[in-house]
Every structure is written in C-alpha cells, then in structure tokens.
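Next up: just one chain, as structure tokens, the form predicted alone.
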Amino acid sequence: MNASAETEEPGRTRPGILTFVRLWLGGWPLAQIALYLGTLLAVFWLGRNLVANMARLGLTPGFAFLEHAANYEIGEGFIAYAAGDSYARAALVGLLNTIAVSALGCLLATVLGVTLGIARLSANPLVSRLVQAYVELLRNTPLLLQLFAWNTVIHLLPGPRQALSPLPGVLLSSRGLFLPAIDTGGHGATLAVAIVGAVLAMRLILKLRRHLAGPSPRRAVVLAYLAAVLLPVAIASGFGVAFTFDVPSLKGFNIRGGISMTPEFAALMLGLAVNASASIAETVRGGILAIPGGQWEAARSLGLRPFSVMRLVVLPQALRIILPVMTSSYLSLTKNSSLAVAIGFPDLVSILNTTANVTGQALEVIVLMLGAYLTLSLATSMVMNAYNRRHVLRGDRR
C-alpha cells in the first residue's frame, strides 16, 4: 500500500473532472456556460466597436505613445525630468510622487491616529471631548474640501523672510516646508540602498541565530541593527564621502538648503494624513475597548504603571483587532491621493490626464491608472496581511 492510499479517508473517493466542473459551476451548468459566452461576445463586440471608432479618429490603439517625447514640464519630482523626455518617464515621475505622498501620509496618519485613539479614552473629559470633536469634524466633511482648506492655509503663511520656525532648523512659509538634511554629495541613493541591504542581512542573521540558539537579548538586537545602519556610513566615509548637516536658511529672496516640500505637497500630505487619522483613532479606540477588563486588572496587579499597561499588555492584544481595519484606512488614503489634481500637485492622475489630453490615448491612460492603483493597493494589502499573519502567529505561540 502506498503513502497516498494510507492517508486517504475510507469510504471517500476523489471527484473526477466532470464532478469538479459541476461543483465549480453549481446548478444549471449549461445556463451558466451560456451566460459566460454571452458576456465574452458582448465584450468582444464592444472592443471591436472601440477599435473601429479609434481608427475613425486617427488613433492607433496601443502603448507605443509612451516612447514619444512629452512636451510639457512637471513642477516637482524625485527623479530628473525635462520637457522632451518620454511619456513613460513622465508617468514614472507621477507614480513616484504618488508613492511618496501616500507613504508619508500613512506614516503620519498612524502616529496621529494612535495618539488620538488613546487620548479619546482619557479620563479627562476636556481631552476626550476635544478628540471626539476632531474625529466628528473630519469624518463628516468632504476630503476635497479639507484639501482646499489646507492648501489655502499653507499659501497664506508668511513669506520666506518672515518664515515660521516651530523647531530649530525647521522653516515653514508660503513657499512650503523646509527640513534639515544630511548632504552626502550625491551618494544618498547608493547609501540608502546599502543601508537597507545591511539591515535585511542583519535581519536574516538574527533570524538564523534565533532558530539555532534561541532569541537574542533585546539590547543585543538593537545594537546589531544600529551596527547595520552605521557600517555602510563608516565604509562610505572611508572612501572619502563627506557628510555635512544641511540646515535650510534664507539666502536672497528664498530659503535654500535642507529638504523642501512644496505647498501643494505639504497640503496634500497633511490633508490625507489628518483625514485618515480620524478613522484610525476610532479603530484604535474600538480595539482597546475590545480587550477584556481582566487584562487591565491583571496588569495593574503586577504593579505596572498605566503607560506600561498600555504598551506591554493592552496594545499588543488590540493590534490583532486593529490591523485588518487599519489596512482599509491605508488603502483609502492611497486611492484618495488621486485628489491631488484638485490642488495642482503633479501626482500620477494629474500627469496621465495631461498625457491623455495631449496624445488622445484616453483608454490606454485609464488602463495605466487602473493598473498602477491596483498594484499599489495589492502591495499594501500584501504587506499588511503578512504583518498581520505574523502578529497573529506570535500571539498564538504565547
């Protein structure tokens, strides 16, 4: 008797292909097959009409236009671009802008949302009611209106000569937000890749060590990751790369130095983050309230202070409830970034809309937009689901 036969349950036979097809289609299989074929014929008919209409207008369907020169400028981007570059490079500039504003918005929304969610449960009625008013105001007003408000507020800030300085080295004016930065002499991208690679390598080493010899002390793990970050910096210094602290300051009629965010970028990021923080705050509040009261009492009976009770006992358990809902907030924030076109920020939608107006390839541009946002959303879901599964498994092991 072979191994498969030994593991097969007695009295149960594996279904054949016809049985599998019948189970997959359910009842009325012929009617369902006819419906599928009818749908395919309808799609084929619509596609043929579309191609015929495009040919009548002198348009050739396809994505060959992406290689043609785009004769328009883009206000800002994370890679070099000039009029005359290809439409594909212009779309890449917009995609990177969308990714940057979405990533920073998710990060800021998480910090704000978790803080406000905990503050909403404060015993101080003033703090609790203020947070409740914040949440209700932002949840019940259109996001587009909030973006207009943020854009107006930032453009009404003082000029560069009277720029606000809320923190040392941080300047805020009608020209945008300016932050200190470390000047690496043009080697920033290479150094960032090296640091990420070193951190990932250290993660694999620690994981292997944990498998062979058990978990390492927390202090040793922190020092190991710190060494992974500092090692590429030390190697770069050894090869002559100079690191200087670049603080923004007023030079002439504008602020120079550091990292700058344009008013549109800052308004979009703040609008998206503040709006998403309201829903995240309610999610965090609901997750904390779902923890049984016995967990709070048990933690207090051990002599833990309120902050330690929240950090060590309540939040780790609430995170299993919060994470799936928070994923939806991240997805909404990413998709809502398409409203950037309303305040003049050159995101993916804005740049592709310009491309469609210039080339007339509207259908292809819409397909590109759908594919880009679908990819971003699926990538976000994949990362959050992987983290959620890992967190749930860790909780089960406890």
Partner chain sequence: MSFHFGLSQGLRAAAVAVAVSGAFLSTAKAGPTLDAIQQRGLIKVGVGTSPGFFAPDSNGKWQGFFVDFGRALAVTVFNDPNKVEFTSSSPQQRLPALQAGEFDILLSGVTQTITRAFKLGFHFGPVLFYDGQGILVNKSLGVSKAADLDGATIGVQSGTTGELNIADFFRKTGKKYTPVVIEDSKEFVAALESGRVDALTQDSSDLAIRRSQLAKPDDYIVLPERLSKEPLVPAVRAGDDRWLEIVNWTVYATIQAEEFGITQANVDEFLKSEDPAIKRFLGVDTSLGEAIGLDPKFAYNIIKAVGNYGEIFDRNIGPKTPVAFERGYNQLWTKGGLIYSPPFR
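Residue numbers count along the first chain shown, from 1. Source: prediction; values computed, not measured. Definition used throughout: the rigid core is the maximal C-alpha set that superposes within 1.5 Å between two forms.
Quick note: we don't show the form predicted together with its partner chain, though the next part is all about it.
Enquirer: Taking 4.5 Å between heavy atoms as the contact cutoff, choose which of Phe245, Phe307, Phe239, Phe253 touches its partner chain in the predicted bound form.
Expert: Exactly one residue meets the criterion: Phe253.
Enquirer: Quick one: of Phe148, Phe78, Tyr225, Tyr134, which gets a non-hydrogen atom within 4.5 angstroms of its partner chain in the predicted bound form?
Expert: Here the answer is residue option Phe148.
Enquirer: Could you tell me which of 292-300, 99-107, 157-165, 226-234 sits within 4.5 Å of its partner chain in the predicted bound form, going by non-hydrogen atoms?
Expert: Only one stretch qualifies here: 157-165.
Enquirer: Find out whether any non-hydrogen atom of Gly344 is located within 4.5 angstroms of its partner chain in the predicted bound form, and reply yes or no.
Expert: Flag for Gly344 set to yes.
Enquirer: If you check in the predicted bound form, is Glu264 within 4.5 Å of its partner chain, heavy atoms only?
Expert: Yes, Glu264 sits close enough to its partner chain in the predicted bound form that at least one of its heavy atoms falls within 4.5 Å.
Enquirer: Taking the shortest heavy atom distance, is Ser328 within 4.5 Å of its partner chain in the predicted bound form?
Expert: Looking in the predicted bound form, residue contacts with its partner chain do not include Ser328, since no heavy atom lies within 4.5 Å.
Enquirer: Does the 4.5 Å heavy atom contact test between Ala362 and its partner chain in the predicted bound form come out positive?
Expert: Ala362 belongs to the contact set for its partner chain.
Enquirer: Give, in sequence order, every residue of 228-243 that has a heavy atom within 4.5 Å of its partner chain in the predicted bound form, or say none if there are no such residues.
Expert: Stretch hits: zero.
Enquirer: Comparing between the shown form and the other one on the rigid core: C-alpha of Ala103 shifted by 2 Å or more?
Expert: Comparing forms between the shown form and the other one, the Ala103 CA shifts below 2 Å.
Enquirer: Using the rigid core as the reference frame, would you say Ala299 shifts its C-alpha by 2 Å or more between the shown form and the other one?
Expert: No, the C-alpha moves less than 2 Å.
Enquirer: When you overlay the rigid core, is the Cα of Pro160 off by 2 Å or more between the shown form and the other one?
Expert: For Pro160, whose C-alpha is compared between the shown form and the other one after core superposition, the shift is 2 Å or more.
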